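A single chain comes next, written as structure tokens; it is the form predicted alone.
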């Protein structure tokens, strides 16, 4: 098998791509210069006053940027589509990667077609597709979500298998046994960088959103009464949150992963407390809503208690540790000790920030007239907090949720980079970057590829948050 070039038989398009990219760069530079020195651009209108186009040199540069950008996107899609339909390797590395990602492309197409078709019925999610920035961010995020879901079908080699002849090999190098290529090259141990990045996405997609959800459950459950009642409760909870926020995050993680602290069971005990909050929140939610229907409320509380309690015990407990309640045959959630430490640490660090955001929003909203109207009707405090105040705080909280997933993703990368929490052979992006950066002078791709993956996911989350903020402000 021969080594793969980046574009293979599609190399005829490379000069066109380079030319279009150069023209786009020149158009952007021209637009920036004209925006600084040119007079205010004129606008051409029809007789009835409708807009035709911008006039002058600035208008021409604006149109040039738009058309060259669309041309560049079309050429990029050509590489992707050709890679899917052409035989494996014919379209080079880009085409081979595109073919491996076929389930992801298909899922994205179906998702966007259905979302655009029914967007007027989908509330804030549907309005997201009215924002180009939000739609791009959503596409990037869902790309990595689907990549994590289909990772077992996308990877080309086992993430832990080491081939001595593939150490630090360049992207597109064929394996000695002729079973394929290392599409993104090999790392310092001869492992496939492409497969490790794809497998690492599953770790990020599992930990970051769920840890953020747990942190929001803790922050909302404590922030609502702190802001609503005020007084000593607010003072005490605010003091605790400020105390946690004042502690250096990295030092806190170092303490949690030290063998002496792990042997005491402190991370698991911390998880025992933190992971109770989702159950508490759901019970308070149901009780406040169905308080006037005791029979229905009691049944729902019983279901939450049994089902939630079972998953809670399975989640915090692990056979052979200090917290082990369920027998191994009934323990359906097996989370390695290192991953549990990372999960608990992320929840613990993010919860005080969410608490402060929720508390601040409640302090503002509780002075509104509809809250006073609910109090006048004799509504119970928790009903007002959850069903009157919380829905009206959804805009800022949804935006912060997306941003916080990005922060958590960066935090996970930082922990992996410093070797905290996850095992050294883990394919998480932080550990992969740390392993690759040691030999940057010899081979750059083992560190650059996971770094770009991490950057793209965080960028997508930030763009998604901007789109949601833009649409929520229109409500």
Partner chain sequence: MLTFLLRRLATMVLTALCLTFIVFYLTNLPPNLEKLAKSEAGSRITDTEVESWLEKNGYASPLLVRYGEWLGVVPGWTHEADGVTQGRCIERGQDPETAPRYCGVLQGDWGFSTVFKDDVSSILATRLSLTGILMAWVMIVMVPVSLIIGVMAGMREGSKLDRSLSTFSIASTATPEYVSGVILIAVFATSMGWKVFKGTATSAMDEITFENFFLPVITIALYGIGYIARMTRASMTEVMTAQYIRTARLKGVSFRNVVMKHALRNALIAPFTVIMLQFPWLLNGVVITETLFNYKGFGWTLVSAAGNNDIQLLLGCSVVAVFVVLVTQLISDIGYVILNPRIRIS
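If you're wondering where the values come from, they're calculated on a predicted model, not measured in any experiment. Numbering follows the first chain given and starts at 1.
Below, we turn to the form predicted in complex with its partner chain, even though it does not appear here.
This chain is displayed without its partner chain, yet in the predicted bound form the stretch 246-254 from 72-80, 271-279, 209-217, 246-254 comes within 4.5 Å of it by heavy atoms. Mapping the unseen interface onto this chain, residue 455 counts among the residues with a heavy atom inside 4.5 Å of its partner chain in the predicted bound form.
Taking non-hydrogen atoms only, residue 426 never approaches its partner chain to within 4.5 angstroms in the predicted bound form. A residue is said to contact a partner when one of its heavy atoms sits within 4.5 Å of a partner heavy atom; residue 417 meets this definition for its partner chain in the predicted bound form. A residue is said to contact a partner when one of its heavy atoms sits within 4.5 Å of a partner heavy atom; residue 263 meets this definition for its partner chain in the predicted bound form.
Taken together, the three residues 32, 437 and 459 all come within 4.5 Å of its partner chain in the predicted bound form, as judged by their closest heavy atom.
Interface residue among 370, 153, 291, 239, judged by heavy atoms within 4.5 Å of its partner chain in the predicted bound form: 239.
Contacts of stretch 395-420 with its partner chain in the predicted bound form, defined by any heavy atom lying within 4.5 Å, are made by 407, 409, 410, 413, 414, 417, 418, listed in sequence order.
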